[in-house]
Structures are given as C-alpha cells and as structure tokens.
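Only one chain comes next, encoded as structure tokens, the form predicted alone.
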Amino acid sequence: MKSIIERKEIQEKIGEIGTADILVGIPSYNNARTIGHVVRAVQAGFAKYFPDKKCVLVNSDGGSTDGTMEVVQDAAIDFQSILLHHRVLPAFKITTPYHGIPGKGSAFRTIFEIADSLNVNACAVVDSDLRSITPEWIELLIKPIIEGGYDYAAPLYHRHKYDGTITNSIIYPLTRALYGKRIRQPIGGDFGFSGKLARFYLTKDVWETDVARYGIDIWMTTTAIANNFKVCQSFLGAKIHDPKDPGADLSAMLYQVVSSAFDLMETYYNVWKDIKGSESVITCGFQYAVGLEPVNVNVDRMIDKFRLGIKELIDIWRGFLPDGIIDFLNRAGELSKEEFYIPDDIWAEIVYSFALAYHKGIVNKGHLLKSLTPLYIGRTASFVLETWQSDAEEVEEKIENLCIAFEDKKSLLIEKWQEV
C-alpha cells in the first residue's frame, strides 16, 4: 500500500517541520460538530505543559463531507484566556485524508507514519468526539512517556456504568486474564506512546485486517504488553463522548474488536499460556469523583434479541459450546425479565468457547463472531438488571468479580487450546 508520506503536500509539510518532540493525532470522520473543542484542548495542552517543545497536531481524516478538516484548520486558542504569559513555540498542524481500508486503524497508521518521519519522542491519539477532554489530558498522556520512561500510557476514566459495555464484559476481563496486566480501558481510544513504539507498530503487517478498523485499540494495547514495552495508565477524569445504546446495533464494532483480540491470541500464545493471575500497573494522575451523563438502555429490547438468538442460532452454538452451557441458554431464553441472569462463570466459559472455536476453525469465523452478538447483548442485559441500583464502586466490584472468573477458568482454556 502506498505510504501517506509519499504524497507531495505531506512531504513538503514534513520538510518544513524537520523533526519534532511531540505529536498528537486525531482520527476523524464527519466530526465537525465536536472536533473543534478537541483541537483547542490539544493546542492549549501543548502551550501550557510543553511550551519549549516542538509540537505537531495531525488530523487523519476518513473523507469527511461535513467540513471536519476545515474546522481543524480554523480552530485556534486564545492564550490570554487560559492565562498563559510565557513564551510558547508555535505548534504545527497537519490535516490529511488517510489511505487504506476505511476505519480508525488506517487513520492511526497515517499518524504513526508522520510521527516516524518527524522522529518524535512521544505521541498521543485522542478521539474526535470527546466533549470532556481538557489540556491536562495531553500532559497526562505525554509526560509518562517523556519524563517517566514509559512506552505506553493507556487511559483510565470514569464512565457511566452502561458506557463501554464491550470493554467491561469481554475485552477487559479477557485481556487481563491472558496477559496479566490490569489495564482497565484497553480499548479506551485515547493513548500516549513513545516514538519507539510507533515505529514498532509500523513494522507489523496488519493493515489489511480488522486492526485497520475498530480493532486498532486492542491491537495497540496487546502489542505493547506482549512485547514487553513499559506500560502504565493515566487517570483522565470523565470520558464524555457520543456513547451508543449497548442494545443498539454494535455488531460491527463487536465483530472487529473480538476478532482482533482472538487473532492476537494466536500471535501471542507463547506469551499468555504461562501467565497466571494478574497484577496492577502504575496509574499516573490525581484521581477524583466526577459527574457523568446517563446512557439510556432498553432492557426489554435486549432480552428480545437474546431470545431471538436462542431460536435462530442454537444449532450453530451446539457445534462448540459445552452441553451444560447449551442447557443453560435454553433455560435462560424462557426466563422472565425479573428472573433474567447470566452468571460470571457461565459468561467466561462462553467467551473462552468462542475463542477456542475461532482457534480450531470449527465454524466459519464470520458466522461464529456474528453469532456472539445476541449472547453479548443478553449478558449486557443481565448486567444492567443486576446493577440498576448500584453506584460506581459497586459496579467496579462486580466487574472485578467477572475478571476473577476469567482468570479462574484460564487453565481450562489452555488445556483445550492444545487439543487440536
């Protein structure tokens, strides 16, 4: 695939800048409504915390038609309004459409390539739909890299209990059990990383896979951990963006994220097979309580989708789910809303059974992953009903219990993985 660096206007811009210390990338697609705030927060972060560093902001766009790139170019910060009176080196700004498969991962690849060409020391990427980003996010994602010696800073946020349900029910417990690091938001979307790690990412041949789409976040986190880069997490406060109803159609995102996680299990089997339990990682930043916007959920619709899945997909699941799980699902499909519940150990065994079926090629991978959607929605409905009255601390305790269930059942996963 042709590199973005070969384009004449990018070459000219890189030639103008030469080298840089810090680069922050913002992927976008039709985010004109929200991206101006994100750009101003990044510019203020550069000025406030890195006034003597050469900083570059890169907007990697997927072909927006709503004027997103023009908003990025026009966004500017009034330094007097944020009470800055010290000398500030001007930041550079690059806006460019990316090449390749439409998706966030392709946008990130362009950001990595420009970071490599500019030989930067530290990078960060932030989502373009953020409403809660502040200049402090840039400090918290970049300083662990340039002053703390870390290669990767994952985000840690407070999120509404029904925002990030793919993270809470699958990706966090699975990643933690496999690789032994308690990185709470492995697909958070806002990360800091070293120039060395950006160059390492570019050596990997993954840009024609689901990594080019929503799979990029779990791929970045797992690649950093599995290759022994030094990782930490930074507390950023609240994540307020445009969350989606977990009962709405998240199947494309679920498919791409889970397929990337399962592909990484193949790549790094020799890493995760010997890891037992998990350990915390250093968390940077001062933690505090925040107010959060509610996320609306429709539990009745979610349970209906689960029951429809039982009716239409049970014969596919019989090919790889244990008999006891099949019996449980048949019973669960008959439960009333008030009785509906999918326990942690059952859910962990379901996810591991899907990973094993993916590994052994028992079912076409596309059909397999699509058939996970109604089970994920059913598990999410169970979690919503279980935590309806719970505060944030109680919700975290329940997610911790789910993680322990994944860790406890990992030995069964390893045993069956080796049975080919």
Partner chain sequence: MKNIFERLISEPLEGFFERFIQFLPNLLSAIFLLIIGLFAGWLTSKIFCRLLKVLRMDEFSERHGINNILLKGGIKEKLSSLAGRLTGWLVFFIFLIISLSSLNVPAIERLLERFFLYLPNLFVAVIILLIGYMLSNFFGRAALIAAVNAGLKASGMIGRFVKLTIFLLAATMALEQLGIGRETIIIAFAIVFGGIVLALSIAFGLGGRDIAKEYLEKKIKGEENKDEIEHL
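Numbering follows the first chain given and starts at 1. Owing to the predicted nature of the structure, the values given are computational and were not obtained by experimental measurement.
In what follows, reference is made to the form predicted together with the partner chain, a form of this protein that is not presented.
- Only one of 28-36, 370-378, 390-398, 58-66 places residue heavy atoms within 4.5 angstroms of the partner chain in the model of the complex, namely 370-378.
- Think of it this way: in the model of the complex, the partner chain has a heavy atom of just one of Leu202, Val290, Ala76, Leu308 within 4.5 Å, and the residue is Leu308.
- Here is the short version: of Ile225, Leu178, Val257, Ile145, the single residue with a heavy atom within 4.5 Å of the partner chain in the model of the complex is Val257.
- The partner chain in the model of the complex is approached by Tyr214, whose closest heavy atom lies within 4.5 angstroms of it.
- Among residues of the shown chain, Lys230 is not one whose heavy atoms approach the partner chain to within 4.5 Å in the model of the complex.
- Contact annotation: Asn298 falls within 4.5 Å of the partner chain in the model of the complex, judged by heavy atom distances.
- Within this chain, Arg159 lines the site of the partner chain in the model of the complex, having a heavy atom no more than 4.5 Å away.
- Contact with the partner chain in the model of the complex holds for all three of Asp163, Ile166 and Val363, each having a heavy atom within 4.5 Å.
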